[in-house]
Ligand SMILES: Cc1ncc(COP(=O)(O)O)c(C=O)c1O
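Just the one chain here, laid out as structure tokens, in the form predicted alone.
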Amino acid sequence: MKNNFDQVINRHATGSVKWDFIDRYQNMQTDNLLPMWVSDYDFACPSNVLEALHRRVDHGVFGYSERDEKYYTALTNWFERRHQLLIRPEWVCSIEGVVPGLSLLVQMLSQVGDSVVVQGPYYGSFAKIIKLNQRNLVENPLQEDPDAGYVMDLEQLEELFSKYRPPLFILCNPHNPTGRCWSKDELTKLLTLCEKYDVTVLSDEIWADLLLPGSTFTSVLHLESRWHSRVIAATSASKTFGLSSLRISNFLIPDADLKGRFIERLNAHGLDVFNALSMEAATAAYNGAEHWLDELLGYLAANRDWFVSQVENYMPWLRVIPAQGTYLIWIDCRALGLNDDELKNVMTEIAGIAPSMGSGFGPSGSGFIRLNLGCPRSYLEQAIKGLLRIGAQ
């Protein structure tokens, strides 16, 4: 049975950050705005996940729970099937979310005042956990490329490594907000630099399953085992299957010493207890939602193709950046000649949409917007009508 991703599900009054709290987080008036900012789906999660959750709820007992063999087997089999990546169960450390885990690792692997390098435009939560932990954010801006979308500036990165001697580099792969999937060659060159300057790579790979047709995902763990002592990969079922509030993520840490230190940090913060429903949902998704995901990927690709065609055919004032993954679209609005405040006003007051403003992704994002295409086509049609109004002004 095919899934109906065109179905519109009313998410108002469900505590949805995306739909119910635009005014709190975006400082926008919410009346009649189409929210396209938070990166979660407007689709129901896979039916087999709902069935598994119902069974667990019907059991009625929610005492302390732990990951069992089924959980580890589901996770490792998934990565072997989908990405030809062999993960050893002993590498897996679980925590309620990727960002909390990254924050603990920043605390664990660096000192107050140390520099942490990120590639701009960068996910805003990276900046938050670096700055609030009193570390120095150092930006390595990506370079725009007409075919790939963006490429790494490895020459400038080496200059930063030499100057700041950072202990940590936070990688996003596939990259949020641009949708770039890093190649084996790029990652090899990156890790060669990290080895030279003794930098540990924290690789946020939460978008790994969400690839556009013809694209492949390469994890830092796909590369030579010689680098396993300086790479940590973060994964989760949340983006893939629409389970963002059922919070459990996995940090894959091949180095036994690093893993042991991370487990100590989890225990020190009382984060060694797991949510029974989160584990149930993730296990069910990895075991039985593969066909659902394949259908969804086709729908998301069609959404993107349609949206890009509308922009390219009718909106010369906007430019869509090429991507290889995610369900996000990164749009260059600089031809409008507006500053970021003016651009925000145009998007909300004229187009009637609430985007993620590119300025929220650091200096490299100024003049851009990020939109979420993980929604029914009718929402995209509404967004296109709004964007067309900008050209009529």
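Numbers for residues come from their place in the sequence shown, where the first is 1. Quick caveat: nothing in here was measured; it's all calculated off a predicted structure.
The discussion below concerns the form predicted together with this ligand, not included here.
Put simply, residue 39 is close to this ligand in the predicted complex: some heavy atom of it is within 4.5 Å.
Interface membership of residue 176, defined by any non-hydrogen atom within 4.5 Å of this ligand in the predicted complex, is confirmed.
In the predicted complex, this ligand sits within 4.5 Å of a heavy atom belonging to residue 97. Within this chain, residue 304 is remote from the site of this ligand in the predicted complex, having no heavy atom within 4.5 Å. Judged by heavy atoms within 4.5 Å of this ligand in the predicted complex, the contact stretch among the candidates 138 to 146, 288 to 296, 239 to 247, 273 to 281 is 239 to 247. Checked against this ligand in the predicted complex, the residues 118, 187, 231, 206 give one hit for a heavy atom within 4.5 Å, which is 206. Only one of the listed residues (150, 71, 79, 123) places a non-hydrogen atom within 4.5 angstroms of this ligand in the predicted complex, and that residue is 123.
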